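Next up: a single chain in structure tokens, the form predicted on its own.
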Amino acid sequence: MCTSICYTSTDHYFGRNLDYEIDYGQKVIIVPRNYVFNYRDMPAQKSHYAFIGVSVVNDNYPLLCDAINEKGLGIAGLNFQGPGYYFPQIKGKKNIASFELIPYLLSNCESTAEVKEILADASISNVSFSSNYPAADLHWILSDKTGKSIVVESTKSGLHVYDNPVNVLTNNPEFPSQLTKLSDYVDVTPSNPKNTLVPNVDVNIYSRGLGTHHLPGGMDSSSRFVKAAFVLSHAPKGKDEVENVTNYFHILHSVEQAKGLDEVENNRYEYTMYTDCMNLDKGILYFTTYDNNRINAVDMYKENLDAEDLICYDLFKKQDINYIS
């Protein structure tokens, strides 16, 4: 399970919590412009936009979790097991394997508007990367420097592209149902609530924050969707990069999962392995991990983006405590 957001202030920021129970050795990677993509059902692509993100690397191929390109388009894939459905290769369609969707769109698109155009005649195929990496059930959130966000879902009824007015995505159910769920919480407020229950009675408002009394706080995808939408919509706008990045991490950390709270199998627990924040305007990826709260950063423009080979950095680090005394 995961949570992804798009946060707009002086710049535009995109990223996610990756919540899972298995570490696949993800790394921060930069895919330079001349790295060759050999697609399964499309011609090889020898040059494209450069991008930076978090990925598993297998046989020198990036199996991307999330990334942004040099034009300011960002994509993240989130678990969608149940409603998700991929199709056999369809003649006359642009057949994109699920593991190819992020690199293909980042290689060729500058905006969510261009993504809509390129997916109009596309199908997400059920081709697996390998026997060790079967096609994962995912849906995707995308954002660009306009601040606009869309959601892409492939279900048995076809490939759907939805405008995303709240700039949040988690997991099941399908995105329109997630939006409908928000109606149950429209009276949640950061302010202390007005007494409409018994207006003529002086009710003791015994605590601050009672306007959020009914806000859900579970680990489930629907609860995280509602809470992230609330926190994001009321988050302050920073005056500079440090304030914006700080605000962003506080938004996603409000729905992070600690170990021991979400049991997925007997004595196996899902938790927030990493949180990343990618500046769509500057090409910088910031990240924290479960075992290291310090914000680390990688700037794609400090590398040779005209290279041919993947550039990798370690993601998972040990805790970095600043001892003052």
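Quantities reported herein were computed from a predicted structural model and do not represent experimental measurements. In this text, residue numbers run from 1 along the sequence as written.
Heads up, the form predicted in complex with a further copy of the same chain isn't pictured, but that's what we're talking about next.
**Student:** Quick one: does A229 come within 4.5 Å of a further copy of the same chain in the predicted bound form, counting heavy atoms only?
**Tutor:** Because a heavy atom of A229 falls inside 4.5 Å of a further copy of the same chain in the predicted bound form, the answer is yes.
**Student:** Is F316 one of the residues lying within 4.5 Å of a further copy of the same chain in the predicted bound form, judged by heavy atom distances?
**Tutor:** F316: no, not in contact with a further copy of the same chain in the predicted bound form.
**Student:** In the predicted bound form, does P199 have a heavy atom within 4.5 Å of a further copy of the same chain?
**Tutor:** Taking the distances in the predicted bound form, the answer for P199 is yes, it comes within 4.5 Å of a further copy of the same chain.
**Student:** Evaluate S130 for contact with a further copy of the same chain in the predicted bound form, applying a 4.5 angstroms cut-off between non-hydrogen atoms, and reply yes or no.
**Tutor:** Outside the cut-off, so no.
**Student:** 95-103, 146-154, 167-175, 131-139: which one contacts a further copy of the same chain in the predicted bound form at 4.5 Å, heavy atom to heavy atom?
**Tutor:** Within 4.5 Å of the partner lies stretch 167-175.
**Student:** Taking 4.5 Å between heavy atoms as the contact cutoff, choose which of A120, A113, I90, V242 touches a further copy of the same chain in the predicted bound form.
**Tutor:** Answer to the contact question: V242.
**Student:** If the criterion is a non-hydrogen atom within 4.5 angstroms, does every one of S233, N247 and L261 touch a further copy of the same chain in the predicted bound form?
**Tutor:** Checked in the predicted bound form: all three residues contact a further copy of the same chain.
**Student:** Go through 25-50 residue by residue and record those having a heavy atom within 4.5 Å of a further copy of the same chain in the predicted bound form; state none if no residue qualifies.
**Tutor:** Sequence-ordered list is empty.
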